[in-house]
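Okay, here we've got a single chain as structure tokens, the form predicted on its own, with questions on binding and movement later.
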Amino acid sequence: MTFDLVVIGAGPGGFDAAVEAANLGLSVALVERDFLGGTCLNRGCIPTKLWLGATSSIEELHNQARMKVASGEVTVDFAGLQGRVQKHLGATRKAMAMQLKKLGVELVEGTGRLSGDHRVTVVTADGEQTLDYKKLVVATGSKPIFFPGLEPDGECVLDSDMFLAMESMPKSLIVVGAGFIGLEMAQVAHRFGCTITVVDAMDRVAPLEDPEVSKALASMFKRWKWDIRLEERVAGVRTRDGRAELTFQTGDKLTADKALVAVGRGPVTQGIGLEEAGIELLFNQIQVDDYLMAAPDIYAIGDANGHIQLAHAASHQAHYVARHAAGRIEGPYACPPVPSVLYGAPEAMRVGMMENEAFLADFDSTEVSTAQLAANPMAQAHAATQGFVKVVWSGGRVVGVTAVGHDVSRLVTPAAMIVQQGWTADDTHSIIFAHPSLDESLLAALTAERKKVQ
């Protein structure tokens, strides 16, 4: 049988592409070698949020205790939490499988490889299965990457997948990598009473974010007595005498119960016949054109094309390629502003341009306006007043919003809409912001005095 569309990879991008295409009337086969939901559901976004959600009351109580209005202790059963995580993931995968079956999508469990003109061969538990296609979507996702000497050993040196599978939380943890993955997992460990050391070769935590956001985050982490080691290069990490031992290039050493290596992720594109099919790879990322096509009749989406390593970006690309494959749209892919969020407490969120990016694009008209969370009643109510909301303007329109502090992830969707619509000052009064709400901090930043970026 020849399918209208074959999709390799059932993460957020691949699954959504298959579902959208089936809803549009295409015959679809979905190939997955592991679990439905990919990294995001099984070893990334969702497990970490379940961890953060289950432990959020610990941080909330701590904040209220500082205000001398509450006392006590919150104890989270880690084994019970891990059981709940697995139960939730299993139920979600089951629901996804039922949705595919209802839509008539053929789920093929195994490793897919491009094996000829418009053909994919899948190695399954029962042998090889051949799928012919009219169009193909490669949505193979990403995996943790490591520099030499930082490879996990599964004992005391762990990657993010291994960390999420732990049976107990360590009493001390070294986190190598101060990006979102490392910082979110470090926050959970901190709530369980773990002593945290963060090591990064860059000069600030969350180095891809606004420098003021990095500064605010570092201030809060230091208040928690985290040991932040920046601009320090690591020669290697290994298990020694039942503990993790990190060696700096200077020869100095650190030890802890565990070390989490979270230095980044890279696309899963090797060994599946891409180059043989004429697909160009650059640093293992599939090169695509304006239509997200890597070769005639072959699309590549999500982490595999390396544009943006975020699940919601992959899903947005998925809906485009499904509709393009079905002939419902003809134009090139148009990517709207993509929001990103560091979850936990504090949180950080960003959509659109940062201050420095806008300045480089148009230095004559770039301005910023800022509101401090200390003035927000909801931040005060939760005794979490550190942080701010910053709006970036160019040519009199909003081109970016960034924020750091208590619960700022809830601002990300209205911020994305504001950036997408390119609000002017007059637009800030086109809707009513509820009072009291954290959203008012976004309104306050929109209406605050603007300062020209120098």
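Note that the coordinates shown come from a computational prediction; the quantities given were computed from them, not determined experimentally. In case it trips you up, residue 1 is the first one in the sequence shown, and so on.
Below, we refer to the form predicted in complex with a further copy of the same chain, which is not included among the displayed structures.
- In summary, among the residues Thr130, Gln380, Thr247, Asn356, the only one with a non-hydrogen atom within 4.5 Å of a further copy of the same chain in the predicted complex is Gln380.
- Of the residues Pro152, Pro339, Pro144, Pro170, just one reaches a further copy of the same chain in the predicted complex with a heavy atom at 4.5 Å or closer; this is Pro339.
- No member of the trio Phe35, Lys134 and Ala165 reaches a further copy of the same chain in the predicted complex with any non-hydrogen atom inside 4.5 Å.
- Just one listed stretch, out of 118-126, 359-367, 211-219, 340-348, contacts a further copy of the same chain in the predicted complex at the 4.5 Å heavy atom level, and that stretch is 340-348.
- Looking at Ala311, you'd find a heavy atom of it within 4.5 angstroms of a further copy of the same chain in the predicted complex.
- a further copy of the same chain is not shown here, and in the predicted complex it never comes within 4.5 Å of any heavy atom of Leu26.
- When a further copy of the same chain is considered in the predicted complex, His319 lines it closely, a heavy atom lying within 4.5 Å.
- Interface membership of Gly395, defined by any non-hydrogen atom within 4.5 Å of a further copy of the same chain in the predicted complex, is ruled out.
- Within 4.5 angstroms of a further copy of the same chain in the predicted complex, the stretch 47-65 places a non-hydrogen atom from each of Lys49, Leu50, Gly53, Ala54, Ser56, Ser57, Glu60, Leu61, Gln64, taken in sequence order.
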